[in-house]
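Okay, so here's just one chain, in structure tokens, the form predicted alone.
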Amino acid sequence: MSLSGRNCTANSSAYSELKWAFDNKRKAVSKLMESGRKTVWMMGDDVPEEVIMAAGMLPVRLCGYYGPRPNADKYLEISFGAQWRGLFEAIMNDEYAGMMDYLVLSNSSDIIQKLYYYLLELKRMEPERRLPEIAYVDYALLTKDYRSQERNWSVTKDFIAKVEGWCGRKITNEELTKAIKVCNEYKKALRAFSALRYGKDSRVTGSEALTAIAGSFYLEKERATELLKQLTKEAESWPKAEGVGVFYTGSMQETTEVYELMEAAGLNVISEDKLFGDRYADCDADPELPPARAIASRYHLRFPSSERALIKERAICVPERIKEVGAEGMVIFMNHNDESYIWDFPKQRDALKKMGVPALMIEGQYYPLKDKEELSRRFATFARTVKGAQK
């Protein structure tokens, strides 16, 4: 039986609630909005949601639109890959009109920076569109030196001031401290759940993890924490996921389609360096620091991303992470025009060879996937290659 045929989640009420939020993001957000709070939608890995929560507003993770994308086709040139086109369409699409009070983008990618300027210009040129007020968080993410830390502290304070303008009042340090505590507890629960994915005794498949992690984005943090703790206890007794454990990098996966194809072919994603996955919860804000500094440091010290990190830093961190989680292989999956990861790999390859960890690189993918059979064949061949290398 393939990993995608597992049914250990069927009787889990915790998983069912997380999956409902994952499958029904718009309805889940509408339910949260019943409290009357304003929504702040976030695009990019580095929008400090703790500030939004401290203001009594709802931080909402923007997920790409997976239906037709006429607005993206009209306004974006070919250099925007599938992921970015989906995110742009989610903002422009009438299905979400009226749900977005504010939109914050971060400089997690050069493409997001371009989208920020495109959206500002559209807001100016087409005022009849119901586009939200738009802000930008410009953290220094490339280096870890003192100047970057000080700049990011200043950026955080500026963002706090921006959100104070939106909510019409001052945000206190006590409110920031409370939000940090809630977020830290939530991330701790995510890490405990994700730990069950690692190594040869993995109890959780990549698609199950993605569903639970991303589903938790669309629930109140406290409720998500409760569900994740319950799910972790249940998953400890789930049967082992027998597929070849791999580390995933490349284009963001907001749906389980690619992970499920991998599972059907005998691969299991046990960790990834993506926001919709392990990277989201990889570190906490330090409660011993002043709140604004704690928030700035958390976003500054996260696992380095391919878009905003030095190649030499990734050459150390990625192999270390692969070893830490016990991955037997590495899969690099890249959408067309979303191929910055190809620059990382040459520096990582030597370390992976020394570790005996083979890698599969897949480039030029589209949405919808154009040739699932060919993808499945390549995944299955890679699974056999890894197993053969272990004999």
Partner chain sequence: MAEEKKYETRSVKRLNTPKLTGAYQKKWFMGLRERIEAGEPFGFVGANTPMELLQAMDIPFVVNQWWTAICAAKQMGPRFYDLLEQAGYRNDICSYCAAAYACSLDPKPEEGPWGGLPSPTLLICAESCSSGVKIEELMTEAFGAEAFRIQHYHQDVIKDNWWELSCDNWEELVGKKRIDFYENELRLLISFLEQKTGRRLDLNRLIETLNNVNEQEGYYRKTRDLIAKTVPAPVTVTDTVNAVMQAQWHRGTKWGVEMAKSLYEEVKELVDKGVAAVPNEKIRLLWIGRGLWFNLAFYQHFEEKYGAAFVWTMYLGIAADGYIRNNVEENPIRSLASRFSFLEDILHVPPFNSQWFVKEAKNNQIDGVVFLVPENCMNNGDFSYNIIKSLEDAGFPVCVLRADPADAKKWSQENMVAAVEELIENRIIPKKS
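Numbering follows the first chain given and starts at 1. Everything numeric in this text was worked out from a predicted model, so none of it was measured.
Below, we turn to the form predicted together with its partner chain, even though it does not appear here.
Stretch-level contact check against its partner chain in the model of the complex with heavy atoms at 4.5 Å: of 290-298, 310-318, 257-265, 236-244, the positive one is 310-318. Taking the partner from elsewhere, S148 is found to have a heavy atom lying within 4.5 Å of its partner chain in the model of the complex. Although the partner is absent from this view, E363 contacts its partner chain in the model of the complex, with a non-hydrogen atom inside 4.5 angstroms.
Contact check for I342: a non-hydrogen atom falls within 4.5 Å of its partner chain in the model of the complex. Using a 4.5 angstroms threshold between heavy atoms, R69 stays clear of its partner chain in the model of the complex. A single residue from the set D286, E226, E133, E126 has any heavy atom within 4.5 angstroms of its partner chain in the model of the complex; that residue is E126. This chain is drawn without its partner chain; in the model of the complex, the residue among W153, F303, F80, Y198 with a heavy atom within 4.5 Å of it is F80.
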